[in-house]
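Shown here is one chain on its own, the form predicted alone, set out as structure tokens.
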Amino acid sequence: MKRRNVVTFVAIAAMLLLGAATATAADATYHVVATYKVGAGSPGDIQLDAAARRIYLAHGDRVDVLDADTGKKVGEIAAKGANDIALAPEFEHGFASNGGGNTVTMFDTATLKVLKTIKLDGKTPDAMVYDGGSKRVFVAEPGSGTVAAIDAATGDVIATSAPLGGELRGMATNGYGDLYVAAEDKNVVHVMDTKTLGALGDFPVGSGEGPTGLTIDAMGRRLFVACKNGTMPVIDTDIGFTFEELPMGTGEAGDTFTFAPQGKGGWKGAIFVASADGTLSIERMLAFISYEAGTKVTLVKGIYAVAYDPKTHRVFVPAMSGKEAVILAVGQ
């Protein structure tokens, strides 16, 4: 199966992880403020339950669960081949895609007990997203080019789409009917109906090449597309037009980078994206149609996933230190 973190992680010393992150002269306030040790093996996707103060990290044959404030491990969930994670907080349910077994593990976020192993019709499930509007978890299945919809309350598979075309990667939803799916090798974003799983058309990604990650400002109806060539198109989802392109790091970027509505210094929000070249890019939103490049923090090659914490305004980035997985907490 093709993993989303295709660039090999680079071994680095613990001292580098703890303190040697660098930033541009324009804003040198972001740095690594803590390092949480996780254990042997490469990390995958990361999700944060900010209210419960828990971090969920896909990690090989399991999902590791850590305290977001201390980094202490509080439990784990068996999920062999775990790639990606989605949380449905109103149901206290979590989901992990297991590429090797063509399954999704459904678990209780209160007890961390496995509730169900969901068998999918598609192949190699990978990226996932929870849509609060439809109460469904959507799963990209690159091996078959399809998307599955799962009822977040029951864990039942509701439907599987027709093949969409292309290598399906990151996903995002706007919460009121639209699902967006990046097609890396087609340089487009597929648009789907969250109720019917029908295809609604494609959005081109401007000069972007190799789209792998998506995030959305649902209120402003702006879709941000992380592309491997170091370009982040900003798409107006009403018309599918790329009206601005921002610079970012190059290489693989995960589907969990974050739009954060809180900002400092007069700007209205920020988009955090981790790229395989080791760059954590923070893009600033000045208004719904005005953006600018902000800080670039140099971390560790091979990163691709982030989770934003609205309480501390930190971002958590999985990385490797030698043969050990760690989570870097980056803040101001």
Partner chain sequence: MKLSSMKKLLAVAATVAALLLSVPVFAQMLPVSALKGKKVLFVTGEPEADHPTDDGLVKKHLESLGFVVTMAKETDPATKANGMDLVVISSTANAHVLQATYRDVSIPVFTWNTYEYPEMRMTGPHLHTDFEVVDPVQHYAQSFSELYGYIASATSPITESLGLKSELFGTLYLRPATVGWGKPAASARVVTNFEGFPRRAGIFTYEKDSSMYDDFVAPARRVGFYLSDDNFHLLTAVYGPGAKDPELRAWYSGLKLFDASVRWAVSPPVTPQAYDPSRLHEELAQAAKGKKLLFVERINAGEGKEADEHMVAHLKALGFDVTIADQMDPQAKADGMDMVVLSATCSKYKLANKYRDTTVPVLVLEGLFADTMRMAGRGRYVDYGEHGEEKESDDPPENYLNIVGAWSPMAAGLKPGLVKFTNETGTIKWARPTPDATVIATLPNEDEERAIFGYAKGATMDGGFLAPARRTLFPLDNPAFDDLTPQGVALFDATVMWTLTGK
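Positions refer to the first chain, counted from 1. Being a predicted model, the structure only gives us computed values, none of them experimental.
The protein also exists as the form predicted together with the partner chain; that form is not presented, and the subsequent description refers to it.
Visitor: Note which of 216, 87, 157, 199 lies within 4.5 Å of the partner chain in the predicted bound form, where distance is taken over heavy atoms; exactly one does.
Guide: None of the other options qualify; the answer is 199.
Visitor: Considering 151, 167, 236, 76, which brings a non-hydrogen atom within 4.5 Å of the partner chain in the predicted bound form?
Guide: After the contact test, the surviving option is 236.
Visitor: Taking 4.5 angstroms as the heavy atom distance cut-off, pick the stretch from 138 to 146, 237 to 245, 109 to 117, 87 to 95 that is near the partner chain in the predicted bound form.
Guide: Single hit among the candidates: 237 to 245.
Visitor: Give a yes/no on whether residue 203 approaches the partner chain to within 4.5 Å in the predicted bound form, heavy atoms considered.
Guide: So residue 203 counts as contacting the partner chain.
Visitor: Please tell me whether any heavy atom belonging to residue 29 falls inside 4.5 Å of a heavy atom of the partner chain, as the geometry stands in the predicted bound form.
Guide: No, residue 29 is distant from the partner.
Visitor: Using heavy atoms and a 4.5 Å limit, would one call residue 298 a contact residue for the partner chain in the predicted bound form?
Guide: Answer no; every heavy atom of residue 298 is more than 4.5 Å from the partner chain in the predicted bound form.
Visitor: Is there a heavy atom of residue 290 no more than 4.5 Å from a heavy atom of the partner chain in the predicted bound form?
Guide: Yes, residue 290 is a contact residue.
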